[in-house]
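Shown here is one chain on its own, the form predicted on its own, set out as C-alpha cells.
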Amino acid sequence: MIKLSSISTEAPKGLKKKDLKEETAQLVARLGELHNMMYAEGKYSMLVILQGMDGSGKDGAVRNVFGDCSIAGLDLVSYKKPTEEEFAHDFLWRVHKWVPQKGMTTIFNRSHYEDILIQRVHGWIDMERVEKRMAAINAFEDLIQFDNNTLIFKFYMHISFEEQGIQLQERLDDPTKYWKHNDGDWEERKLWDKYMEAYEYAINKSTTPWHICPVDNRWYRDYFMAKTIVNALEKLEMKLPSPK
C-alpha cells in the first residue's frame, strides 16, 4: 500500500546536482535515440502519463526530458474540462482516440485519471462510479499494452504542499510565468488532503504500476523520469531497420 506522505518529495540525500545534471543530459540524448528506433521499427508504442497537483512541473518535465525526441514520432495531449461533445460520450472516448499507434509516443499532460480525481474531490461523482471508472481504466490500460505493444509510464509528480505554494506564488511574482496563473489553482490547493486521498486510491488500485517521482528538486525530477524510461526501453533491444 503506497502512502504518499511517507515518500519524500525531494532528491535523495548525498546526490550532487552538477553530476546528476550531466548524467541526465546523457539519458535525454539516449532517450532521443531510442525514441527514433521505436519510430523507425514500428513495433512498439509508448504512452507517458503525467499527473500531479498544480505547480508540480508537468510542462517542464515534457520540455526537459523529451527535448531530443523527434517531433515526427511524438504527440502531446493536454486534458482540460471536457467539451459538450466529450461529455456526451463515455469518459474514455476522448482518451482512446489519442492512444499511440505502433512507432509513436504520446504524452498525456493530465489524463483519464482526472475523471476519478477532480470529479471525486468535488463530489460530482460518487464512489460507486469512481470504482466502476477505475475498473474501466485498468481494462483500458491492459488492453493497449497487450493488444498494441504499448509501454505505459505513469508518473505521479510528487510535490510537497510547501513547494506547491512557492510555485504558485512565482506565477504571480514572475512576469514570464504569469500566464500560468489561475485563481482556481489556489482554490484547489485548499482541497489538498482530499486530492491526496484520491491520488492514493488511483495509485493503489491501478494494475499498471505508477512511478512516484519526487519533483521538489526539478533537476532530480528530470533525472528520475529519463532514467526510468531509458532503462525500460533498453530492455526491448530495438533496432533500426536494415537497408534493403
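Numbers for residues come from their place in the sequence shown, where the first is 1. Because the structure is predicted, anything quoted here is derived from the model rather than measured.
What comes next is about the form predicted together with another copy of the chain, which does not appear here.
Candidate site formed by H96, R129 and N148: every one of these residues places a non-hydrogen atom within 4.5 angstroms of another copy of the chain in the predicted complex.
Interface residue remark: F161 is not counted as part of the site for another copy of the chain in the predicted complex, having no heavy atom within 4.5 Å. Residue contact with another copy of the chain in the predicted complex: F91 places a heavy atom within 4.5 Å of it. Although the partner is absent here, E85 is a contact residue: one of its heavy atoms lies within 4.5 angstroms of another copy of the chain in the predicted complex.
Of the heavy atoms in K102, some are within 4.5 Å of another copy of the chain in the predicted complex. In terms of contact with another copy of the chain in the predicted complex, the residue from A72, L143, I166, L172 that brings a heavy atom within 4.5 Å is L143. Scanning K154, H112, R120, R133 against another copy of the chain in the predicted complex with a 4.5 Å heavy atom cut-off leaves one residue, R133.
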